[in-house]
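Next up: a single chain in structure tokens, the form predicted on its own.
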Amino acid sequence: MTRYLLILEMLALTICTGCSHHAPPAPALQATASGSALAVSSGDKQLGTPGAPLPQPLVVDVNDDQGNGVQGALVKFSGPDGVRFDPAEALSDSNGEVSTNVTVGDSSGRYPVEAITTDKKGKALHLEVNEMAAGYQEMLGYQVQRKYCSRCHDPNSTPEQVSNYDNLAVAPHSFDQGNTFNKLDDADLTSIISHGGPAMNLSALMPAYGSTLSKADIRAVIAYIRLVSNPPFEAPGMVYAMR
């Protein structure tokens, strides 16, 4: 009986010891250098699925006064509620780069995220970039505009598609030019897409797509334009609650 009690005591001691054991916390990152500027290298203005990681990492550069990369600078990332970063902070590498994987929030919309570091005087340096989460309609609009619109409206060529932007006598507006598109309501955009530029006294180089695209396709393209607009589009009459 005594031996049995001894075994129970030893077992209890082992269990309690295991319960009280915790892995030591990871040491905090310590900067060994400071930069004077932050710049985006890649991964901004991405379009992703709500609640999911973006396709590419966000990469920022920490540079000195001469524009050279600074190794060992601490960069932290922050964003609206629901946005996650992996990692949330890191030290810049030998090229001055810091990379993080961004997961956007659960709702479609624009998500401004921020990279923060400090200069030699301890002053915070901020860099804001925009990432976007597209719901079904916005993603359909993205696909439609990639097929029919981006060859003229996107000034940047890609290996998959050569831009015709520079060959046009009247330069089209890229879809993120909010200063232009925010002045047009949905009916105006529907008319331009359906009947071509002359429908709104605009360039005849804008063809009519009313017989090519369905009404749902046109609404989707407009939803995509509203999503990527910079500055952001605010629907007329919309009321915003105070925070």
Ligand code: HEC
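Everything quoted here is computed from the prediction, not taken from an experiment. So that there is no doubt, residue numbering starts at 1 and follows the sequence shown.
The protein also exists as the form predicted together with the ligand; that form is not presented, and the subsequent description refers to it.
Review point. So in the predicted bound form, does residue 202 come within 4.5 Å of the ligand, heavy atom to heavy atom?
Key: Residue 202 belongs to the contact set for the ligand.
Check your understanding: in the predicted bound form, does residue 171 have a heavy atom within 4.5 Å of the ligand?
Key -> It does: once the ligand is placed as it appears in the predicted bound form, residue 171 has a heavy atom within 4.5 Å of it.
**Study point:** Contact flag, residue 207 vs the ligand in the predicted bound form, heavy atom cut 4.5 Å
**Key:** Within the cut-off, so yes.
Practice item. Indicate whether the ligand has at least one heavy atom within 4.5 Å of a heavy atom of residue 38 in the predicted bound form. Key: No, residue 38 is distant from the partner.
Practice item. Using heavy atoms and a 4.5 Å cut-off, decide whether 45, 104 and 127 all contact the ligand in the predicted bound form. Key: Checked in the predicted bound form: no contact with the ligand for any of the three.
Check your understanding: What stretch, of 174-182, 30-38, 58-66, 45-53, brings heavy atoms to within 4.5 Å of the ligand in the predicted bound form?
Key -> It is the stretch 174-182.
Check your understanding: Considering the ligand in the predicted bound form, which of 90, 152, 134, 83 comes within 4.5 Å of it through any heavy atom?
Key -> For this set of options, the contacting one is 152.
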